[in-house]
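First comes one chain, alone, set out as structure tokens in the form predicted alone.
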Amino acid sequence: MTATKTFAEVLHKGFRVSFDADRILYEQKTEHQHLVLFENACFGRVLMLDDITQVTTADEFVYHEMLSHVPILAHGNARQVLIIGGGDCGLAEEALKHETVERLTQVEIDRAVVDFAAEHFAEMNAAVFEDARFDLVIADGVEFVAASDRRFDVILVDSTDPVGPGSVLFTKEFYAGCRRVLRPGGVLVTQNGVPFMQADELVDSVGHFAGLFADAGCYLATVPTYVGGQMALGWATDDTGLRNVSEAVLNERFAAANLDTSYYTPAVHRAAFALPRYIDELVEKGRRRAA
């Protein structure tokens, strides 16, 4: 009997999680990272970069819906949206469901990842490549926000974890660049890991946010793939009212957008900002660093 091949994620020190690969669909060493795609009985197709899980077809809807719809519906008039990273284009697919978005610019450093996603994740991104509003820029995200003359209502950072190439997307310099290209009243949302496992990551990011924005914090989503508890999505804006948009207003905007969601609802949106105490304490620790 042939042994089942497994792929282990080693992101968290002292803890490993392994996936059985029922079938390896693709494996490549790109200019920037090692990429592998395989089928798993529980999570469907699983994409890993440098031994860290990026997306699975079974639960991608949780992450992509919460990363996109919360800031766009909180803002209420997002016409120019910027995505940094997000090579699988699942986030772009969700953001472009909002007809009010006039242009979505996605800055991805690795063209090979986008080409790969177009071929292997068509069920969650095919519409993106047919949408005239989609503007793909192959470039370094840090350099883009430092130099661009464009301005955005919402910035979504769909990055890898802060190891290897993705580490620069967790620096104060990068967040300052995001603030530079953010329009007044705009909002920045970031992938900020699982606080139970990656507490320092959240504290550091909130500390950087607090030195740049009037409102710095996070909201939560539960993504089964990202083990260790709830996932934090970093939140930074100068409009302190955006986190407190009423459920009634969110319901109106949600209905007007005519979104078909599997995780997001206006009630979940509101509840996502209610933090368990240990996460709230991490956020407060980050804010104090900037005081």
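Keep in mind that what you see is a predicted model, and the values were worked out from it rather than measured. Throughout, we count residues from 1 along the sequence that is shown.
The next section is about a form of this same protein that is not shown, the form predicted in complex with a small molecule.
From the list 258-266, 22-30, 223-231, 244-252, the contact stretch for the small molecule in the predicted complex under a 4.5 Å heavy atom rule is 223-231. Using a 4.5 Å cut-off to the small molecule in the predicted complex, not one of His75, Asp131 and Asp153 places a heavy atom inside that distance. Proximity of Ile279 to the small molecule in the predicted complex falls outside the 4.5 Å heavy atom cutoff.
In the predicted complex, the small molecule sits beyond 4.5 Å of every heavy atom of Arg270. Using a 4.5 Å cutoff between non-hydrogen atoms, Ala58 does not count as a contact of the small molecule in the predicted complex. Although the partner is absent here, Thr53 is a contact residue: one of its heavy atoms lies within 4.5 angstroms of the small molecule in the predicted complex.
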